[in-house]
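Shown below, as structure tokens, is a lone chain in the form predicted on its own; questions about how it binds or moves come after it.
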Amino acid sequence: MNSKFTQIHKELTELLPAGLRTFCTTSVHERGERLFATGDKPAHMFFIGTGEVVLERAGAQGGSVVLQRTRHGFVGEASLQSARYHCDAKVIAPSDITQVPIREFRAAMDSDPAFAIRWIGMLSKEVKRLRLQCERLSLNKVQDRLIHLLETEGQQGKFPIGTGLKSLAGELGVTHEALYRCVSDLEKKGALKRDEKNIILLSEPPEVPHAPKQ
């Protein structure tokens, strides 16, 4: 952790009541740090301003299973009603993260109905996002999953690739080799392009024919 500062993201300023914001602390976290570990007792919720954090749990085969990947917004919201964390939170890219103390958060919810309504509204948006994610993962083709992501979660077709295509592949539930091939093929067809930070779906991409069945 490099430094701490009091400024919080504009989105949090609009969401949290002024009294609660005074208890919040924003810090810069480096790649590899853990925000919390399985079994820890929750004391804070975490808002990712910039960067990338994953929630992961040990898998049956010995590796890690990614449960959630967040580049912006709250991570571990369920901790508000949990006695212990059921997963680990790992920083995988330099991130500025705001800690919101749970005790003060609950007190604000109890005393400020307008804040409670704003919080419910934010959670409703997250539910919609998760439904889109479930719909996306039900698609069979890598190309269809990628285009769905760009169209539903991109800003005007632009989606940040964060720590790279390998990280994005995990979010899409495909191998990074398959995603590399898909992106390269779509670039050649003029359907999308990349810069250093984003994948960009062209506003009027040419028709991309389906590959013939083998």
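Sequential numbering from 1, following the sequence displayed. Quick caveat: nothing in here was measured; it's all calculated off a predicted structure.
The discussion below concerns the form predicted together with the DNA, not included here.
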Suppose contact means a heavy atom within 4.5 Å; in the predicted complex, does that hold for all of Leu165, Thr175 and Arg181 with the DNA? yes
Picking from 80-88, 98-106, 113-121, 136-144, which part of the chain touches the DNA in the predicted complex when contact means heavy atoms within 4.5 Å? 136-144
Given that the DNA is not shown alongside this chain, does Arg57 nevertheless sit within 4.5 Å of it in the predicted complex, heavy atom to heavy atom? no
Just checking whether Lys193 would be counted as a contact of the DNA in the predicted complex - the rule being heavy atoms within 4.5 angstroms. no
With the partner left out here, check for me: in the predicted complex, does some heavy atom of Arg34 sit within 4.5 Å of the DNA? no
